[in-house]
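First comes one chain, alone, set out as structure tokens in the form predicted alone.
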Amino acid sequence: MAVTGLDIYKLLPQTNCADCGVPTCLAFAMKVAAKQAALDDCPHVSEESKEALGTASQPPQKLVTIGSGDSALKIGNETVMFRHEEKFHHPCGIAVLVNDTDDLDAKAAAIKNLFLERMGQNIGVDVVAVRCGSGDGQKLKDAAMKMQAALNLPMVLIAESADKLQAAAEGLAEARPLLWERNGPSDALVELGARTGLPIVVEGDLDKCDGDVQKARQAGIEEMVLCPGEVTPRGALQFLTMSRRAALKRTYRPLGYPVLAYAWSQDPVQLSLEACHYVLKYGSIVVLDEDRPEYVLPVLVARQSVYVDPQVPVQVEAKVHEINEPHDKSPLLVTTNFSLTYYCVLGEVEASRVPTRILTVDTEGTSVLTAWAADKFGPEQIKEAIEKSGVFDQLAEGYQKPVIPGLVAVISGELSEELGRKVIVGPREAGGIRRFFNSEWPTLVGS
């Protein structure tokens, strides 16, 4: 019998403290009942209440941790099929495949190169999958330890049989690698996982995974990752979708685990597309045999995009951003702190090579027209932001002329009165900034 929100509410402190991130205990209870939150999210719930509710109150998908320390990767524990229903909580791991027969120094250097800053976030590969291509378990261990020392990233250890994984699993037990026996798990891998306390991969179709998961759980293994194996993209999509639905919609615990998807196409473009496909459709770890930036970076961008909370605008810090080493005669551009708006402006300013200051006004992460319509980007707000930043103190007297977006040219007169200075109306779109700097800015400031 399903546990209702009222059943859960009766076992909560009922203080409406909001420490769980939800305004009231009743609202939190409803989220737990809908599998959108865990009972543990309430810091004040008693052990007796936890025991009374048992597994019925737990999220439908198991949280699995791979790696240890600050670099540990937490996957699973998702609560919705579509992110607009709430959000996806744990970004999937992007893993580059390394064979123990490869030039490991070159592979480590290539993986280190797969990092970039985008939209104010540092993104990059966060898992290394080391495969026993040599057929020698000791060589797999040596390769895994070398990659661990070089990169300090969570690892997936891959071999054709459990005996090839044993030395590496035992040698790297504190690093908590994920153990993947191809087409497994065999009884030997289940025993190895239970003995070392490491998570294992359960590979096969849904029926096989169902049975193998139950067998592994009886042996004492709690953390597992499902995998459909080397199937077509269509087959992988079916596996990812059906396992997710079984867990979230039917609360079927044997399939309530994160999924590893392997992009194995020989064509690097197709491989990159497949990997993006798995990122967008429920993959918790995506393994790809490719380390060239032009094929890996699109996958990283896809992950960043889908794991952004759709209900919270992405925003940058509201402050003065100095670009290209500005001086006292540099232009001052004013815009909102909506991340997409700011980075569009930033890209054009950087490309122009004109030393510039960009003042981002706190509009709670909304775009120029949206913020203006909501009275968050008007003369009063811009004046307050300018005075708070003290940016005029960094500009020569004749250059204390803020440039506002052309989309809100209507506020220029009132803003000029508020500031007691001339206000310049800039281009409507960020794409016009370079032309504005070259042809209009010198005339407008009299230089």
Partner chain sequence: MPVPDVSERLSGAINEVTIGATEEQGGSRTRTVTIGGETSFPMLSFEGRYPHPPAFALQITAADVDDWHAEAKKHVADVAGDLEKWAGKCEEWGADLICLDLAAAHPDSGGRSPEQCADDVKRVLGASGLPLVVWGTDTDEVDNNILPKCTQAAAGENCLFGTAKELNYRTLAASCLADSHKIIAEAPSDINLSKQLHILLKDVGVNLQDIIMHPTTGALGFGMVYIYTTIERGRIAGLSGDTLMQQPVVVNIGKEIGRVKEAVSPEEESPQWGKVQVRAPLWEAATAVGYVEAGAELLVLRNPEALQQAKTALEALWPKPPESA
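No experiment lies behind these values; they were computed from the predicted model shown. In this text, the rigid core denotes the largest set of C-alpha atoms whose superposition between the two forms falls within 1.5 Å. Positions refer to the first chain, counted from 1.
This next part talks about the form predicted in complex with the partner chain, which is not shown.
In the model of the complex, no heavy atom of A216 sits within 4.5 Å of the partner chain. For the chain shown alone, R195 is not a contact residue for the partner chain in the model of the complex, no non-hydrogen atom being within 4.5 angstroms. In the model of the complex, the partner chain lies within 4.5 Å of some heavy atom of L255.
Residue contact check for S352: one or more of its heavy atoms lie within 4.5 Å of the partner chain in the model of the complex. Within 4.5 Å of the partner chain in the model of the complex, a heavy atom is found for not a single one of D328, N337 and L359. For the candidate set A175, A108, A167, C276, a heavy atom within 4.5 Å of the partner chain in the model of the complex is found for exactly one residue, namely C276. When the partner chain is considered in the model of the complex, only one residue from A318, L97, V80, V314 comes within 4.5 Å through any heavy atom, namely V314. Only one of 129 to 137, 150 to 158, 237 to 245, 89 to 97 lies within 4.5 Å of the partner chain in the model of the complex by heavy atoms, and it is 237 to 245. In sequence order, C276, H277, L280, K281, P293, E294, Y295, L297, P298, V301, A302, S305, V306 are the residues of 274 to 310 having a heavy atom within 4.5 Å of the partner chain in the model of the complex; the partner itself is omitted from this view. Superposition on the rigid core between the shown form and the other one places the CA atom of E348 2 Å or more away from its counterpart.
When two forms of a protein are overlaid on their rigid core, residues whose CA moves 2 Å or more are considered shifted, and S134 is not one of them between the shown form and the other one. Relative to the superposed rigid core, S339 undergoes a CA displacement of at least 2 Å between the shown form and the other one. By 3 Å or more, the C-alpha separation between E294 and Y342 grows in the model of the complex relative to the form shown here. Relative to this form, in the model of the complex the C-alpha atoms of Y343 and H84 approach one another by 3 angstroms or more.
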